[in-house]
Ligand code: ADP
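In structure tokens, the next block holds one chain alone, the form predicted on its own.
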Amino acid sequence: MRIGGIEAGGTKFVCGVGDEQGEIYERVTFPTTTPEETMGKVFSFFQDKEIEAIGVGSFGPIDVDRASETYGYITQTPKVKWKNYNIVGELKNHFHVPIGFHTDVTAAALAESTWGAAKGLDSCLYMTVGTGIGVGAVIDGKPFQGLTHPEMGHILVKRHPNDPFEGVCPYHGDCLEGLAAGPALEKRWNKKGQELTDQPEVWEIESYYLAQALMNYILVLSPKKIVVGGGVMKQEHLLPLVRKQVLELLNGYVAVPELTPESIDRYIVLPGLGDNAGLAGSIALGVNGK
């Protein structure tokens, strides 16, 4: 079975072809510009691939309610030209195959639970920390959604006592994304994250916010594995700080073996699929939609 995958990111699109075992045969990457230009490249890439289904893991917010008139749309995005864009509808105009559709982070969670770090588990949570903060979850083996898809990157967190930064989220100011995504790091410290590696105060504050978020996700969803990815998490010293602070914040309240100093590094982990998690997740959505 040949499945098309589209990792539709706010900065770049990654398109590829793979199969139901998660093997990726080919891929291409190009910048996210206007819908017309970007989707034109998508249509060209897939036109001769003989695919049997397509999965789309998209930046959001998006409409994932199949009963909605705007199912398959990218909705209230700050990327103005993509606002209210019917991405699934446009794909259906060009390809007469089943199409699976969800957020890019939910797709990554599905991939990690199918083929990656959470393989064999019926629940996991995937958080990406990069240009934004996105979080997706798989619960009982299925992508989690309710009224719409979760927006866990925009939860409110307590202020670090040494952080006067006002936050950069255009909707909520100092929500998690507004305080801890890549643009927040850069604006707060006037340097990009990769230039701040040797400044411990930077990562103390960053881990404080991320750990609060993970604590809340643990308390609310109780996932069997947490996978964290994205460009900010490539700072090798950051994840150990996050794990340490998660344990301190929980303070022994959730008494399970995974949430102990001996096991936490096997519970909160980097993606097993590495940088392929998003594309593999899109292919997994295509498999599910078949």
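One-based numbering along the sequence shown. The shown structure was predicted, so the numbers you read here are calculated from the model rather than taken from an experiment.
As for the form predicted in complex with the ligand, it is not shown, yet the points below apply to it.
Looking at the ligand in the model of the complex, do all three of T11, Q194 and G230 come within 4.5 Å of it through at least one heavy atom?
Checking in the model of the complex: T11, Q194 and G230 are all within 4.5 Å of the ligand.
Among the candidates N216, N86, Q145, T131, the residue which, in the model of the complex, approaches the ligand to within 4.5 Å (heavy atoms)
Of the candidates N216, N86, Q145, T131, T131 is the one lying within 4.5 Å of the ligand in the model of the complex.
Have a look at K41, K234, R27, K244 for me and say which one sits with a heavy atom within 4.5 Å of the ligand in the model of the complex.
It is K234 that has a heavy atom within 4.5 Å of the partner.
Pick from 208 to 216, 92 to 100, 155 to 163, 177 to 185: which stretch has a heavy atom within 4.5 Å of the ligand in the model of the complex?
One stretch meets the cut-off, namely 177 to 185.
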